[in-house]
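Next up: just one chain, as structure tokens, the form predicted alone.
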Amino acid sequence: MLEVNRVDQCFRTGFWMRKTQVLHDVTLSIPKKSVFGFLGANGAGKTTLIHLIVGLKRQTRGWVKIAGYEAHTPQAKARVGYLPERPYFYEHLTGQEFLFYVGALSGMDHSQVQAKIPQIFSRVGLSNANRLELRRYSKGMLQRIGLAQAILHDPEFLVLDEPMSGLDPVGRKEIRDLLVQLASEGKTIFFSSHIIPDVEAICDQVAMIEKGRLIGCGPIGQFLAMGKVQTEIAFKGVSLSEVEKFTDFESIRQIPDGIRAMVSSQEAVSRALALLLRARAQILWVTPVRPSLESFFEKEVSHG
């Protein structure tokens, strides 16, 4: 669906219009019907690349294609639904009037928009707000109406810049569920975020960017498999001073129910459990702790 090939992006800034390079040799590919997460800190280059993908800017070098078409062409733009990080809304319009407006911009006629409005408002959780003026929408409601306009014309490729911004935990879960549903209907979804758990929850592929350079790209399992696998053992009935003598424990800390310790291998788990049982400890739980994208991202950034 999306191909980004050896893309550089430069801007001229300041009084002397000095050349600043924002993206460096970025290459990535997104298959159809996938959910692709784009991770990076604020200022890493996420929004700049998104502007190239949706055709708002032209890259300095390389090319960006959507379904085989150059991103700036009408053929590519017709396939895209876009939610900017900071969308602008005409606050005097109601939610319904706003969708009529953006529907007309995307080439839909009045009857098409009218037929889709109840379904769209229901999907984004705004069924009771369609006749409410946008100036009376909360930040979370504005984010939802922004997503509504992105999916209104039934695009095959959704590009969402920080779609969970401004949402409470319940709202974030509802939007995650909606994105999963859209993916199951055959949509390809590309969204940026600095909230790593949202990416882990729904994405099957991910890219990470730092200072305008990709530091990783591929299936999400590929990144998680590279991390250190640990096991958490919680227990009680043994003093902290006695536990500190166990050499297999990498970290130890007290919790309200007892003591929690981390070990790093299956052999260490077996040895630690044998020692604890010998010391008449009561085992509360033994839980594998899988690596997270956050730990991988932090490691890569610190090495950079």
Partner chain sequence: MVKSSPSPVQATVAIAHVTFGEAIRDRILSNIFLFALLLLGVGLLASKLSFIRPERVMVDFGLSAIQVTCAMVAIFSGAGLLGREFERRTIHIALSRPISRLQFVFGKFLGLILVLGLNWILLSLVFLLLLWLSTGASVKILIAAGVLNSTLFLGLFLVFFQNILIASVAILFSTFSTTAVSVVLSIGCYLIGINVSQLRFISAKVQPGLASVFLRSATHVFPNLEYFNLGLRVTYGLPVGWQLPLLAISYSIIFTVMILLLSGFLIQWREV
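Residue numbers count along the first chain shown, from 1. Note that the structure is predicted; figures quoted are calculated from it, not measured.
As for the form predicted together with the partner chain, it is not shown, yet the points below apply to it.
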* Asked: Among Arg213, Arg86, Lys139, Lys173, which has at least one heavy atom within 4.5 Å of the partner chain in the predicted bound form?
  -> Arg86
* Structure fact -> Note: exactly one of Arg260, Lys65, His51, Arg271 sits with a heavy atom within 4.5 Å of the partner chain in the predicted bound form, namely His51
* Asked: Would Val180 count as a contact of the partner chain in the predicted bound form, using a 4.5 angstroms cut-off between non-hydrogen atoms?
  -> no
* Would you check, heavy atoms only and a 4.5 Å threshold, whether Lys57 touches the partner chain in the predicted bound form? => yes
* **Non-hydrogen atom contact Asp204 with the partner chain in the predicted bound form at 4.5 angstroms** => no
* Even though the partner chain is not shown here, does Gly221 get within 4.5 Å of it in the predicted bound form, heavy atoms only? -> no
* Structure fact -> Partner contact check in the predicted bound form: of 98-106, 122-130, 195-203, 229-237, the stretch with a heavy atom within 4.5 Å of the partner chain is 98-106
* Asked: What residues, if any, in 62-82 have a non-hydrogen atom within 4.5 angstroms of the partner chain in the predicted bound form?
  -> Pro74, Lys77, Ala78, Arg79, Tyr82
